[in-house]
Ligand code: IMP
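Form predicted on its own, single chain, as structure tokens, below.
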Amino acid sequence: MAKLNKWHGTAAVIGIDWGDSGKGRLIDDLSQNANVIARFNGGSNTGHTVSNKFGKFAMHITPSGIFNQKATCLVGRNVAVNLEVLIQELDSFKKAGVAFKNLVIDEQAPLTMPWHILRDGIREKVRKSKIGTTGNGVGPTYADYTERVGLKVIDLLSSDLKEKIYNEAEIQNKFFNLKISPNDVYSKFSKYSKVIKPYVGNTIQIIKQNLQKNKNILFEGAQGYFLDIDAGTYPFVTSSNPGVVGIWRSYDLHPQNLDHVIGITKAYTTRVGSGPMPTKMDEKTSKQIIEKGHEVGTTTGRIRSPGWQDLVLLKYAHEANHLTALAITKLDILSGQKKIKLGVGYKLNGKETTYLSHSSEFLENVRPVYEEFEGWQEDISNVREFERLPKNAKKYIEAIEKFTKIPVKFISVGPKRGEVIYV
């Protein structure tokens, strides 16, 4: 594979941890070479932070590639669309002078409605064991979508939108004991429909047309593979598929048609909300990483809990998604640590084991096996060539490559576009 910023064909960026790994800034970088950037999973429960010449942005629905004014940006049919959040994002682009005529929202995408947000909050409050939902209504959106009763983007353009909203609000009020005013919801969504109408289309056809023309297509994942509804640490998961299966679900594109699958993770790992993390750091180191790495959730504002990088999980994500390259972010945050650990195995009841998907209870009971490395003290934020990294930093990256058998092609040493090493 050539340098990541000079890629060609079809490429996907997926998180191979619990999310918050810097996908936004990598997509912003890689999108400069893309003709199409396509978001394929999640909803307003996700957050991608991008800093570039236009400013600093936190995107929840819009693809991070929106800043490539020549590319078409797609919101796929399996993305839960929160119109209020989306319109706020479009307003922020407008103020910053970023055009978004290149945006297309799939007409079949499910809508996150006010009753979904209310239900999300109620459910989380009464749970004995909190999942750590963001409270954005994404889980209930997908639940209604699966139950075949949810509204879709195309309904915004229908002549019977008012009837559909009134009927569904009545059902939601009755079965979930809500007090939603259907008139208020209709008033709000009829206004939203006028704003969104120019951007509604069929994204699958756009993908097919660009494939036939051999254009560069970049698929943007949200969250991380171990929050996958099927493969993650259930029930502490999201409600969609952050891995390559999510691309298939949104765009009818088989994973074998992906030329590049870039797995992205930090030099360490973090988790926000509830759920197990075998390689969790001690309190002193955790505090240092949180402060230096600004580990606060883009969507929720919650503190992220840090852990040492877990190669057992990375290897499993590789096997499930057929990764072709790794992107490692925030290597600079580990500068100053005397000792750095890598999780290289699990033990359960004294016996070696590996990751078992769909079971948080299993991951709570395993004990990590570590390999320890000498740290480095140098500031690496201005390094742009792998050979110029401190010796111990290079050893650390090479150990990740050797264990996972995946080449590391992208190493970020700072939060901004360009503060990166292409290997």
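All values derive from a computational prediction rather than experimental measurement. For every residue, the number given is its place in the sequence shown, counted from 1.
Missing here is the form predicted in complex with the named molecule; even so, the following discussion is about that form.
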| query | finding |
| --- | --- |
| Close approach of Gln172 to the named molecule in the predicted bound form, 4.5 Å, heavy atom | no |
| Partner contact for Gly47 in the predicted bound form: the named molecule, 4.5 angstroms, heavy atom | yes |
| Ile328, heavy atom within 4.5 angstroms of the named molecule in the predicted bound form | no |
| The named molecule contact in the predicted bound form: Thr134, any heavy atom under 4.5 Å | yes |
| Trp18, Gln223 and Arg302 each touching the named molecule in the predicted bound form (heavy atom, 4.5 Å) | yes |
| Which of 109-117, 177-185, 273-281, 95-103 sits within 4.5 Å of the named molecule in the predicted bound form, heavy atom basis | 273-281 |
| Contact residue in the predicted bound form, from Gly232, Pro306, Gly243, Gly139 (heavy atom within 4.5 Å of the named molecule) | Gly139 |
| Asn82, Thr238, Thr203, Thr72 - the one with a heavy atom within 4.5 Å of the named molecule in the predicted bound form | Thr238 |
